[in-house]
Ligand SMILES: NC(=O)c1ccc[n+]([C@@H]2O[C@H](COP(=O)([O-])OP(=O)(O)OC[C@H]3O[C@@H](n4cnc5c(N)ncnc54)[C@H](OP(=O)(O)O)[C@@H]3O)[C@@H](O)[C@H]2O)c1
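Just one chain follows, in the form predicted on its own, and it is written as structure tokens.
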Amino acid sequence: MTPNGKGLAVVTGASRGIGAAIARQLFEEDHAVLAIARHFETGALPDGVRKLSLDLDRPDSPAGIAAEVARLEMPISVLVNNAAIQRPVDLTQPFDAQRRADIEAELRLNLLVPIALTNALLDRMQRPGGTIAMVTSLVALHPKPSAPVYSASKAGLASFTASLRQQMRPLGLRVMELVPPVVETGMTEGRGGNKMRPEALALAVAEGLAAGREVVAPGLSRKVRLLNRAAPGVVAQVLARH
């Protein structure tokens, strides 16, 4: 990892799928990259990307990442809060201890971790010009009935992103919301066709960063968001089927 180029990009959930694709894209565009995941798949990231194996569910994980960034002595040009999990939850069934623990873990990773990590790394962000990117979802608009906890966490993250944007603007920091369509990842396996490739999404992220966009909603996401303005009921029905 070299101290030149476009600065340091920190990407969570970077072992595969969207996170790995974004990490690769930013590395190819001359960012130094710190990829964070619990485990890394062989060959998923190019040589030169620094990998930090860390369980984001641990309460001390934001401090651990901040310590690693401090050790690198590079300002963060881009922070991508991507890590998330999605579990089916049947609300008609009673909550035993395990189900409650699973729900709390999903809420922590999807909502609390991005909030805590952003706060922990704020002093390390490049000012002016640094960007904090939050990966939300179309289900932040209308919930997916089979994944109510995931939907709630992404709706909360979208709201937090909007608030964060207002607070960061006087500091010279940009806040970007990334709203993917259905992307070809392990999370969406078995959910039909017409999925966006992770590499195409990563390219849209890079283009959004270069253009200074506040919202990046590529492919079908853009069409769904536009349709939601005119016919939210139709969008709610469509999202309920996915």
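The shown structure was predicted, so the numbers you read here are calculated from the model rather than taken from an experiment. The numbering used is simple: start at 1 and walk along the sequence shown.
Omitted from view is the form predicted in complex with this ligand, to which the following refers.
Go through 47-55, 169-177, 212-220, 26-34 and give me the stretch that gets within 4.5 Å of this ligand in the model of the complex, heavy atoms only. Stretch 47-55 is the one.
4.5 Å heavy atom contact, P181 to this ligand in the model of the complex: Contact with this ligand, yes.
In the model of the complex, is there a heavy atom of this ligand that lies within 4.5 Å of any heavy atom of V10, even though the partner is absent here? V10: no contact with this ligand in the model of the complex.
Even though the partner isn't displayed, in the model of the complex is A152 close enough to this ligand, meaning a heavy atom within 4.5 Å? Taking the distances in the model of the complex, the answer for A152 is no, it never comes within 4.5 Å of this ligand.
is_contact(R197, this ligand) in the model of the complex, heavy atom dist at most 4.5 Å: The answer is no: R197 has no heavy atom within 4.5 Å of this ligand.
Establish, in the model of the complex, whether K6, M74 and M125 all lie within 4.5 Å of this ligand, using non-hydrogen atoms for the distance. Heavy-atom distance to this ligand in the model of the complex: none of the three under 4.5 Å.
Among I115, A158, A147, L109, which has any heavy atom within 4.5 Å of this ligand in the model of the complex? Only one option qualifies, and that one is L109.
This ligand isn't shown here, but in the model of the complex which of L121, L164, V78, A84 has a heavy atom within 4.5 Å of it? Comparing distances to this ligand in the model of the complex, the residue within 4.5 Å is A84.
Within 4.5 Å of this ligand in the model of the complex: residues from 8-24 (heavy atom criterion): Stretch hits, in order: G13, A14, S15, R16, G17, I18, G19.
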